[in-house]
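Below: one protein chain in two forms, given as structure tokens, structure 1 then structure 2.
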Structure 1
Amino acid sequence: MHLTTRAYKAPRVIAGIIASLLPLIAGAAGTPAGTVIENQAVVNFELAGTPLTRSSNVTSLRVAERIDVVASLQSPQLLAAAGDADRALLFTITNTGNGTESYGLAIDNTVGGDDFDPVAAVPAIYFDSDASGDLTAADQPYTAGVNDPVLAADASVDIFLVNSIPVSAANGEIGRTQLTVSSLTGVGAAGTVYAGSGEGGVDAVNGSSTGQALAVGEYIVSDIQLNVVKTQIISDPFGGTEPVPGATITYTITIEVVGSGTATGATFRDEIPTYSSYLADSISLNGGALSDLADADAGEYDTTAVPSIVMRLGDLTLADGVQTIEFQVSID
């Protein structure tokens, strides 16, 4: 994985799993807008020994739409160099109300608490159309009033904010960018009623989110970046390359320094995958074998918590060249 150009996917995957489960959770967004609730009282009694029943009138109502929305940042603080263009941060928008709602999107790079203002690309907002977690040519740009996202209750959509980094930004400085998501039915204080504007013609009411959500992402300027790429080769017990039980997986990880600075105290950690077991004495660094123990060499097989390969790489610069780590596991 190229850490300097790829959006962080793990939180996005987790958010996707949660979103897929939400409809299965009773009352995840409350009773759906437009649902009819009826009620009738019954009284049973006797008159001169004869059982009688009297029923009240039927009361009826249709549940109003509650407007609520959440925006969440999925990317970690993103390393960038001064002058970088089209650096994308990933956000997720979730309709936490109980009816289908349309939303307008906006970017704001003048939020406080940072050292510089990122420069919004044109366009600056994209849908993650191919669900890759990366900004690609397949991703559709957002145009207000043309393709505003329409989300059913509990549904989510992933959005990129895309910015460039000013050439004047200095090493270590932070720039912030904000996504604003606004209900197109209305934004206002909780309890604000929009008569007949909800799904199916019911009233719509702003919930605690006031019909709007904000999320902020950050860029940090670095004069050094690390490109990390991992590959795998499978060797099965029959001379083939099928991932069957008993097959060996050889993992190769390369770490490349880009830029003029120093990555101080670089430490590599890679957890042994579930359903596999580490093969003893298979660790190597730049072609040189290392022991499994925590000793004088740079690497070890650490079993103190989750079994992992650990490598202490020290201070890395461009002059150190590509660092290559290998280890093996067997499929259980």
Structure 2
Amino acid sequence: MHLTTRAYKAPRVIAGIIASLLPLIAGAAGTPAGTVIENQAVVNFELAGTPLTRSSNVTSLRVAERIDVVASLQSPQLLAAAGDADRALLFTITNTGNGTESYGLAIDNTVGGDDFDPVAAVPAIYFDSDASGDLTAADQPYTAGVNDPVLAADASVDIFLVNSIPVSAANGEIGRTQLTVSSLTGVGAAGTVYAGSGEGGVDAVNGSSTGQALAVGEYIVSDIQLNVVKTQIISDPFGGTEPVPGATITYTITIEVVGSGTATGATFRDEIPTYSSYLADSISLNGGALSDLADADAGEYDTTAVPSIVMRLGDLTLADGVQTIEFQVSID
């Protein structure tokens, strides 16, 4: 079950950042640092009809470490309420260089272009230690100089920036938080050389990323919250409530608007569970039956991908009251 709203402003900035990172990602890694490339030419020739061969000297090139890193925001623009604590945004850091590299991490909430500054939690940076994508009790905090991430070429790590939202932030305002990832070998213009500081003692050289990567995440204050509750009633062919083949499940979803403001373009989508089939013409919204077709009414049975119920609720405010969606499936 999935509920989306287009709230206030489209997150164009985030899309722009991700798009601009793609060329860097495409140019990742390459020949591992420390690789030795030898070359020897051979000349074949004839002297008075006698074939002879001569080899050249052997030249040797050592592949130095190119320091490159990319940071990218994984979370969408995060809806938050004024006064919220510990709201986490997920970022991925990828070593796009060709050798193992350590990185220092920093958070900056004074970036421009926003309406308020989120307040960094203490600590403010966590590893997604359990790879859940959500900030959990298992996630380890980051401490500079203690557990700086060490990434092999092409490897990546997920981290969170954790902030609270000031109580003064008003509905619809945006606050930005920035992650800075810096190579601990060095940050400098492309081509800057750190003699002997690369993996295995080769030279390290700053690549086009300058050894540093920035990524910005956004919070948007929304006084409005949507509370969604889903219940089910099973009715089997024998008058009971056992989930046996042939039984019908009636799902009821209630969506309640809490707080002030408008949730623009709220859309509800719910996948039909596996081993069950949607019962034709069973969708209703607030007691009124809707057709299964994608037409003028708010609901439809969408089979273009995973079979799903889709309900376009439009702009919702507190005044709209509880929205009730119902549909039925039969167990296969």
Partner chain sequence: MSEFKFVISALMFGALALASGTTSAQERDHLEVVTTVQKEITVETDDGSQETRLVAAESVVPGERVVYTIKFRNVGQEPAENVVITNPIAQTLTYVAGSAAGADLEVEFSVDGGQSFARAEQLRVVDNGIERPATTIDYTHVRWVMQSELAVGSEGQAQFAAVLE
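Since we're looking at a predicted model, the values are computed, not measured. Residue 1 is the first residue of structure 1, and the numbers go on in sequence order from there. By rigid core we mean the largest C-alpha set that fits within 1.5 Å across both forms.
Participant: Looking at both, which one would you say is the form predicted in complex with the partner chain?
Facilitator: Pick structure 2; the other is not the form predicted in complex with the partner chain.
Participant: Of the candidates Ser222, Asp139, Leu73, Phe238, which marks the hinge of the rigid-body movement between structures 1 and 2?
Facilitator: The residue sitting at the hinge is Ser222.
Participant: Fill in the domain rotation here: degrees turned by the smaller rigid part against the larger between structures 1 and 2.
Facilitator: Expressed in whole degrees, the smaller part rotates by 33 degrees between structures 1 and 2.
Participant: Mind pulling the C-alpha shift for Ser291 between structures 1 and 2, with the rigid core superposed, in Å?
Facilitator: Looking at the C-alpha of Ser291 between structures 1 and 2, the offset is 3.6 Å.
Participant: Core overlaid, Thr248 C-alpha shift between structures 1 and 2, how many Å?
Facilitator: Displacement of the alpha carbon, after core fit: 9.0 Å.
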